[in-house]
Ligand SMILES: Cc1ncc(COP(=O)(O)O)c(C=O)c1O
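Just the one chain here, the form predicted on its own, laid out as structure tokens.
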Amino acid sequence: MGKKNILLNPGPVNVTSRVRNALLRDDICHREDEFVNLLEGIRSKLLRVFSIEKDYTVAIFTGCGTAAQEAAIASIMPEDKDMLIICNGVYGERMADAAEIFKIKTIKDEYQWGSPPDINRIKAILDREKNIETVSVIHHETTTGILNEIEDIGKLCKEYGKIFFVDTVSSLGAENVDFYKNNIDVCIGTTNKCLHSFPGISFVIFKKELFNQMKQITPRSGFLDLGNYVDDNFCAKVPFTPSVQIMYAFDEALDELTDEGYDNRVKTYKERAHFLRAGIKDLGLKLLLPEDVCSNSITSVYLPNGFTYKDIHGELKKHGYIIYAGQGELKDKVFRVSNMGDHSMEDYKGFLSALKEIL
């Protein structure tokens, strides 16, 4: 086995040996009681982490976070209603593209990448556009590392009677996510970021009260129709062959999260981010965003003079550290460092030491 890479990219992430070893459990058929019990256990644990078992259910299926995003859009948006999408990065734009593929009319509230949403602007749009059914936002926009505040948007949705759709693919596990306080109606997530498992499983958590509305919508997809994954009694259905071994790993990762405590994990992420950013600034490098709007898990850093991303990435990889490039208009301007996954503070000290040597 080769040298372990320290993955400082925003997923897939390094996992513990406890989660990795879960892949070695017995092979089982997904039509047997053993798998049904595994899946129901995962659903129960996921809802219990946020204390939302009474009012929410969850559909879990094989696929990446983008699949979950598309499943939620396709299954919950009525054909004759509009979708307001807040866009301040690549993933907001991707959400809008997905909605348009499903022939849903979108209204985009667009911002410069890295700029936070303006609640007064959103309110003005809701006042003007009466056919909006859903307001959607990326909680953590991985493009830049900005954390979009969702509490005020959630309050606005409640006031106007709109469905609040929150993409938490790269925030769940690293940020405070209060479903009731933030009035979240629909939440999408995946296993391979801050929940510390492997890629291949994603999920949509949604209010039970939306289920009847979903049943009235003509299916836009077979595989991505959430109604295929949850029955009328909010129990799991298994319409297609799932990634059984990845389910084992996710189950173990949720046990790890429960043992650690959700609040403790958020605290750990915050401490990691602070340590990394302080070290990066000590090297004379400049952060893309003010720290008060940054997430707990991504730091975007301007490339130093005289270095391309390829230079920095290649040299760091020789030391065993994998970073991530900027996207879109930021491709040649920044590199990104993630602190998602199973890492120690020694890993970050080693990264900063290697970066200092390269510079």
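Just so it is clear, the model here is predicted, and its values are computed rather than measured. Each residue number is its position in the shown sequence, starting from 1.
Missing here is the form predicted together with this ligand; even so, the following discussion is about that form.
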{"item": "Ile323, Cys64, Leu303, Leu38 - the one with a heavy atom within 4.5 Å of this ligand in the model of the complex", "value": "Cys64"}
{"item": "Residue among Asn148, Asn88, Thr142, Thr134 with a heavy atom within 4.5 Å of this ligand in the model of the complex", "value": "Thr142"}
{"item": "Joint contact, Thr57, Ser75 and Lys207 to this ligand in the model of the complex, by non-hydrogen atom at 4.5 Å", "value": "no"}
{"item": "Which of 283-291, 232-240, 179-187, 164-172 sits within 4.5 Å of this ligand in the model of the complex, heavy atom basis", "value": "164-172"}
{"item": "4.5 Å heavy atom contact, Lys193 and this ligand in the model of the complex", "value": "yes"}
{"item": "Touches this ligand in the model of the complex: Arg94 (any heavy atom, 4.5 Å)", "value": "yes"}
{"item": "Gln69, heavy atom within 4.5 angstroms of this ligand in the model of the complex", "value": "yes"}
